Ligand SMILES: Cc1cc2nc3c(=O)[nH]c(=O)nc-3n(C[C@H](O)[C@H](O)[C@H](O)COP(=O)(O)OP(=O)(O)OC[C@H]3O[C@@H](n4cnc5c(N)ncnc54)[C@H](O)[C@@H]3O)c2cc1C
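Starting off, we have a lone chain in the form predicted on its own, written out as structure tokens.
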């Protein structure tokens, strides 16, 4: 097999014949001796002429390219159940892996199904009505369903990303996600995919239970076997020998339950800051060096700077995107970003966040393992206390960095609205000071980024969990809790759709490796 790179103008898709001719040159054989040529990666290069660069694999006759084949889903009707608490990416892909392994997933989701969720998300945006059980974070598909669907991850050790991408394509995602350097589905397409995943799980013998907010997890033993009982808010209980805990980074009540029981928890660093919103036309002009033309993809960016020993970086960048309220309870303001599949809104947004470690918040030491969780909540509440609603405190970018009040604000995509605010005062001082230095440094990497035509809005705080549930690296069980498998963002082992899905697959495989009960 030979791997090689080719490039074509951004509007030109290479034909099969062009791939064959390029493979012929790379392999050193005549074109009719090329057995197969396959694109495995595509990335945009805007450094000079606007090009798509393709990584291609090819083989001559007599050889074959490796094919990735998904294991089949098995009929698990009557098989031993495994409780899966949470229906986000970690829970869904854990359930799919359980089907492959011959175990019956029983998913308990505190929120609503994805169709019913849309009503609550609309009420949140349009009427500022917060349903603590059904919002941008809670409900079928988790936070990823209505927040963009970006599918790239920096994690290379969790497992085979092809297992996630291939399944998404099988359930309706576009095939291009298999080769894109930065694959993306879109918040308008993801709900349909999530529904198809559920239909597959149920058709193969698994079960979904919506509106089941798990408030307690209790170990049990009946003399013949031992396992776990999940107790729900309405009184329903579910039991199984094994339980996968995939509740997401905003299920703070799960951490409190662990604390009450004396089960192990660890404080974990996370990142907090603002959402920066620019006109997409400005980002296009910067990233394409003035060469952007209609039909080209909306430009993205990734920025990072070290300031006083802490990383300040862009997070969840949404080209052609929208800002949305990611609150899970009344009395807080939390922002996130999303893009639909076309990425065609007039705005670009990204979280610009600063790494926060336990030593950075000395005033919160008294909260022990919850020091950063309490810090996170205090910032979210400060934003709400200023605005008195879900309106986001906002400031022009340059004014923010200069600690200066803004005279009027540009339009924003954030539907609940914005309120002119001294965001430089509302944020914790160390976070603000690092952000202001980083924003100026970002302009040296993207000249024109530092502008008062951009808004910064508070706050971007749900980047990852500030608490970790430690687990045994061999069994994948929570320390001292046999048969209980914490995973995904809520357990502190992931940060995004794909890393959460991969972690769900990892723990499901570990659970399935334990011999079934007899």
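Values in this document were obtained by computation on a predicted structure and should not be read as measured data. Numbering follows the first chain given and starts at 1.
Same protein, other form: the form predicted together with the named molecule, not shown, and the subject of what follows.
Each of 136, 150 and 336 comes within 4.5 Å of the named molecule in the predicted complex, counting any heavy atom. You can rule out all but one of 279 to 287, 316 to 324, 389 to 397, 418 to 426: in the predicted complex, only 316 to 324 has residues with a heavy atom within 4.5 Å of the named molecule. Although the partner is absent here, residue 406 is not a contact residue: none of its heavy atoms lies within 4.5 angstroms of the named molecule in the predicted complex. Proximity of residue 251 to the named molecule in the predicted complex: non-hydrogen atoms within 4.5 Å are present. Contact between residue 90 and the named molecule in the predicted complex is found at the 4.5 Å heavy atom cutoff. A residue is said to contact a partner when one of its heavy atoms sits within 4.5 Å of a partner heavy atom; residue 86 meets this definition for the named molecule in the predicted complex. For the candidate set 110, 434, 198, 104, a heavy atom within 4.5 Å of the named molecule in the predicted complex is found for exactly one residue, namely 110.
Contacts with the named molecule in the predicted complex, taken as any heavy atom within 4.5 Å, map within 206 to 244 to 212, 213, 214.
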